[in-house]
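First, one chain by itself in structure tokens, the form predicted alone.
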């Protein structure tokens, strides 16, 4: 083996060590949560970090039934599905308009959308809450759906605008020559070609909405979403860690499964948007 090849191999091995340590640091919290979720409270107190010797699903049953996680799960599924569908529809239409149509102040509107990405959510919480109360959307699922749509729309519009702008303009011109109206161009031409970006955007927005605590806590105060319910399991002075671990596993399982199924498409969609944008 030549010296350059040996040197490259040593560099590869040297780079793989920190990457392996990083991977272990990500895997260990998953192991810790699942391992402690299978223990009872006494077993956790006696050996917090040891491997479970007498596994039990009692904590999962308790979290799902007595901790009302079945209701919280339904609330999370409802608002997440509604918000993601609304975001896909509105951002796709807005991205098509900003990327394809030519109208006054188009660049200004796109600049305002980009600028809104830099505003922290905490800055607008007071006027946001006042608006929710004034519109009588407090403690309603539709209010939380509209809130998620409003907060996550700038990024969604930016992503779809960047994707549609990279598509050949000739496709739109050809459809217009054939007599298609702009909505028909969007529905029959742009929407099918935008499936990679829409899939990536849908999964990312699902992650944002599902894992949110702050906005949900403000809008849906009487009924909780899953992540707010999990946060409520932490006590002021003591916490039932096995029960909390079981709740965390239940809350993370759907998102992990979703990511595993669509992992390649997520990476491909993000890479496509990055190159074309």
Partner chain sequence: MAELALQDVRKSFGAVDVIKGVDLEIKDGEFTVFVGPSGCGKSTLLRMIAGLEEVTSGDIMIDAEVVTDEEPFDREIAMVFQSYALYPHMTVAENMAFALRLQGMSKPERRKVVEQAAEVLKITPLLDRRPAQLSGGQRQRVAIGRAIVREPKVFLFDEPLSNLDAELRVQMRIEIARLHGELKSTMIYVTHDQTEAMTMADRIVVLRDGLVEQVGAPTDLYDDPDNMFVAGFIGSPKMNFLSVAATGPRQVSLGGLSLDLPQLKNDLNVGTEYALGVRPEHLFGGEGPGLTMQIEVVEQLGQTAYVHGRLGAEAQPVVVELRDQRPKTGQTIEITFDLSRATLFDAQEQRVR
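Residue numbers count along the first chain shown, from 1. Please read these numbers as outputs of a predicted model, since none were measured by experiment.
One more form of this protein exists, namely the form predicted in complex with its partner chain; it is left out here, but the text below deals with it.
Taking the partner from elsewhere, residue 175 is found to have a heavy atom lying within 4.5 Å of its partner chain in the predicted complex. Its partner chain is not shown here, but in the predicted complex it comes within 4.5 Å of a heavy atom of residue 170. Although the partner is absent from this view, residue 189 contacts its partner chain in the predicted complex, with a non-hydrogen atom inside 4.5 angstroms. Interface membership of residue 193, defined by any non-hydrogen atom within 4.5 Å of its partner chain in the predicted complex, is confirmed.
Contacts between stretch 79-107 and its partner chain, counted in the predicted complex as any heavy atom lying within 4.5 Å, involve 102 alone.
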